[in-house]
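Shown below, as structure tokens, is a lone chain in the form predicted on its own; questions about how it binds or moves come after it.
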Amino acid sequence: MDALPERARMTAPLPRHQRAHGRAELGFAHTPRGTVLRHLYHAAPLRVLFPTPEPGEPPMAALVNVGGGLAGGDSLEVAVELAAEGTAGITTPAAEKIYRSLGDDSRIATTLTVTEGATLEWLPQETILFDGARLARRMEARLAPGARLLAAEMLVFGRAARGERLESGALFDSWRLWRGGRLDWADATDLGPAPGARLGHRFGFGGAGAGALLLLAASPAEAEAGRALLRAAGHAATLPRPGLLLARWLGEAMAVRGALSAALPLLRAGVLGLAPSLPRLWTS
């Protein structure tokens, strides 16, 4: 076969990179035997595993990205539904990595639906943004009256072990919490096209290498009890609305993870009536 003419080679479009679009759906129901899985769907690169829970612990599903991370243009979608009176948790076996992008965003969209009297834990391990990463992440949680949600998310701005900082790229991270069909809380972080400048600003992130959010949506009395537990342990916490507890940390990655790891067992045991421990995958 003859080679392409020189002009044709110069005007040929650049090859499109293969992108990954993973999805996971989980549906839990409450039975006399406890909370059980009723619906499961997963599509590569997302896989869902179910480690054997500790005695007395509810089921904890593990979301696994078998691709090892997300590049620009990749996307993940997660949908979790927990039926009335059930208790279940979602975690990850390792940190999620967002690689340097060639231009497109990596996208993560999560929808959590918690019905009457149910308790859901959303406890993934940290997300690490490589320098040059572009991440658009959206979380939407819908809670029925009497439902409870304990959620934690941590972002690391660069590969801390290599001394890397997130100087270029972009981050848009959005939260929407609905209760009883009404928007109860909304929050968003937008670092724009020059994240390094915003992360280093003294009135912004103050040069922090990582940040974490801990959220508890429960009854007003439970949220107040949770705030008292966190404050007694030296953690700053606030109640922006009745029944909504928020705590945030900024600092270096190991310190932020340590603070979050210390706070979670306090709320699990003191408010949710669960074991005073982290998900086993956090420590194995």
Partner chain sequence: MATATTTITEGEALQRLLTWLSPAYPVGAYTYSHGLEMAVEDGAVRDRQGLADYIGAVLEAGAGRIDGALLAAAHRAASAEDDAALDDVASLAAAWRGTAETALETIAQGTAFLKVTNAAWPDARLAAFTARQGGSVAHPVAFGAAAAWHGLPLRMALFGFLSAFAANLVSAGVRLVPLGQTDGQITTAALLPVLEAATEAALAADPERLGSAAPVLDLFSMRHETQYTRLFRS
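Residue numbers count along the first chain shown, from 1. Bear in mind the structure is a predicted one, so any value in this text is a computation, not a measurement.
This next part talks about the form predicted in complex with the partner chain, which is not shown.
**Request:** Report the residue, out of G204, G180, G117, G196, that has at least one non-hydrogen atom within 4.5 angstroms of the partner chain in the predicted complex.
**Result:** By the 4.5 Å criterion, the partner-contacting residue is G204.
**Request:** Tell me, out of D104, E167, D190, E85, which residue has a non-hydrogen atom within 4.5 angstroms of the partner chain in the predicted complex.
**Result:** Of the listed residues, the single hit is D190.
**Request:** Tell me, please, which stretch of 34-42, 60-68, 218-226, 241-249 lies within 4.5 angstroms of the partner chain in the predicted complex when heavy atoms are compared?
**Result:** Only one stretch passes the 4.5 Å heavy-atom test: 241-249.
**Prompt:** Would L230 count as a contact of the partner chain in the predicted complex, using a 4.5 angstroms cut-off between non-hydrogen atoms?
**Reply:** Taking the distances in the predicted complex, the answer for L230 is no, it never comes within 4.5 Å of the partner chain.
**Message:** With a cut-off of 4.5 Å between heavy atoms, is L49 one of the residues that contacts the partner chain in the predicted complex?
**Reply:** The answer is no: L49 has no heavy atom within 4.5 Å of the partner chain.
**Request:** Examine A259 and determine whether its closest non-hydrogen atom to the partner chain in the predicted complex is within 4.5 angstroms.
**Result:** Judged by the heavy-atom cut-off of 4.5 Å, A259 is well away from the partner chain in the predicted complex.
**Item:** A236 within 4.5 Å of the partner chain in the predicted complex, heavy atoms
**Value:** Within the cut-off, so yes.
**Message:** K97, F130 and A161 - do all three of these have some heavy atom no more than 4.5 Å from the partner chain in the predicted complex?
**Reply:** Per the other structure, none of K97, F130 and A161 touch the partner chain.
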